[in-house]
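Listed next as structure tokens is one chain, alone, in the form predicted on its own.
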Amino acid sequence: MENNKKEYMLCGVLAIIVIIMSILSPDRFLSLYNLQTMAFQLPEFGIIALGMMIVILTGGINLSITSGSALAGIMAAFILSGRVMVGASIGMSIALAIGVILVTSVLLGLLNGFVVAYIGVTPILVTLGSKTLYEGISMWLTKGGAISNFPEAYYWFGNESIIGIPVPMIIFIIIALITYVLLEKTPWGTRVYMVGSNPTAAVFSGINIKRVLMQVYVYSALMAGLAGVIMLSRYNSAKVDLGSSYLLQSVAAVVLGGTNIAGGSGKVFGTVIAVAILQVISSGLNILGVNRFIIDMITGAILIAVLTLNIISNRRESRRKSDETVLVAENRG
């Protein structure tokens, strides 16, 4: 119960926000259209947040996650729009496009992971540099425009439902479950947490930190690529800023979900609930007519507030443990 305290609190916060939005705009917020819209929007955001979470667990960050998603999407868009494989069947084009997204994402993840793990450059600098690099390549490929006109069959990934459940939501649930199992139920997940909490102890435990970091950045890039599959389908276009608004939001969701920004602790369930909270806030304020820039300001304020509260909480916990240690030593003396 104690270990899940933060997650239970987040569920309570989500319930309160839903109630408030329902009271402020019951006809529109609780409408079937708005609920479906949120169900289609949340998965792409949630998948990127999971990709950000796994990097932050190791004490790093991936500022190139959305620009990498956009670049992989642009590479696939050339195939989907028929600019590369003229005359190919629709099924072959879609399969090849998804394959290109995944392969491109892995390559981008390997680049970040190699520089961070084997060269030793600080993650924030590496991913800031790769973010600029990916955006530059995307701009060069698209000439600043958008690539569109995909096969209608490709819309299935981002716009269709199965027994009333949106396909993107099904994809997100599967990915969230896989990430949960990998992080919280496997030895690999234990290694990821150890690398983030105490790298020195991890080395003495026989953990190959460089390999773990490489795998983490590849996994993060794969999450970005899978989110790109959905976004391409939903928007029917690929461009440089595809999904760019999710960069700040993903960091906010991870921190709000209870993941320590310094690494070492955090749960998938917490991140998922935090994603839902931010999605409800965004959709609710949008319905109320609040300016998009104001919503971004609120997201930034939430991030700063949560980081501040986490630091205060960690300091209090450290003082409490220190006082307990002193008290035990005095009693023994």
Partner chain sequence: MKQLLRSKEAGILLIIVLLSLLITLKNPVFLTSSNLLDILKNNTVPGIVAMGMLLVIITGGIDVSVGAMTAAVTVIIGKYMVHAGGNLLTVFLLGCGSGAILGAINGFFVAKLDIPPIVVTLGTMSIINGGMLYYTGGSWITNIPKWFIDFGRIKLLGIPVQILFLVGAAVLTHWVLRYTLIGRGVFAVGGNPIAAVRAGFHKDKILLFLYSYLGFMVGLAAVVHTSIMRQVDPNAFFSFEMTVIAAVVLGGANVLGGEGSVFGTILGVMMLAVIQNGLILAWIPTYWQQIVVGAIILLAVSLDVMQNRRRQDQLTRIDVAGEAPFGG
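On a predicted model such as this, the values are computed, not experimentally measured, just so you know. Positions refer to the first chain, counted from 1.
What comes next is about the form predicted together with the partner chain, which does not appear here.
Asks: Among I162, I124, A95, I174, which has at least one heavy atom within 4.5 Å of the partner chain in the model of the complex?
Replies: Here the answer is residue option I124.
Asks: Could you check which residue among M214, I90, L133, V167 gets a heavy atom within 4.5 Å of the partner chain in the model of the complex?
Replies: After the contact test, the surviving option is L133.
Asks: I need the one stretch from 95-103, 218-226, 111-119, 69-77 whose residues put non-hydrogen atoms within 4.5 angstroms of the partner chain in the model of the complex.
Replies: Contact-bearing stretch, as computed: 111-119.
Asks: Taking 4.5 angstroms as the cut-off for heavy atoms, does I311 touch the partner chain in the model of the complex?
Replies: Residue-level check for I311: yes, a contact with the partner chain.
Asks: Taking any heavy atom pair closer than or equal to 4.5 Å as contact, tell me whether V272 reaches the partner chain in the model of the complex.
Replies: Outside the cut-off, so no.
Asks: With the partner left out of view, is G82 within 4.5 angstroms of the partner chain in the model of the complex by any non-hydrogen atom?
Replies: Heavy-atom contact with the partner chain at 4.5 Å: absent for G82.
Asks: Evaluate A252 for contact with the partner chain in the model of the complex, applying a 4.5 angstroms cut-off between non-hydrogen atoms, and reply yes or no.
Replies: It does: once the partner chain is placed as it appears in the model of the complex, A252 has a heavy atom within 4.5 Å of it.
Asks: Would you mind checking 140-174 for residues with a heavy atom within 4.5 Å of the partner chain in the model of the complex?
Replies: The stretch touches the partner through W140, K143.
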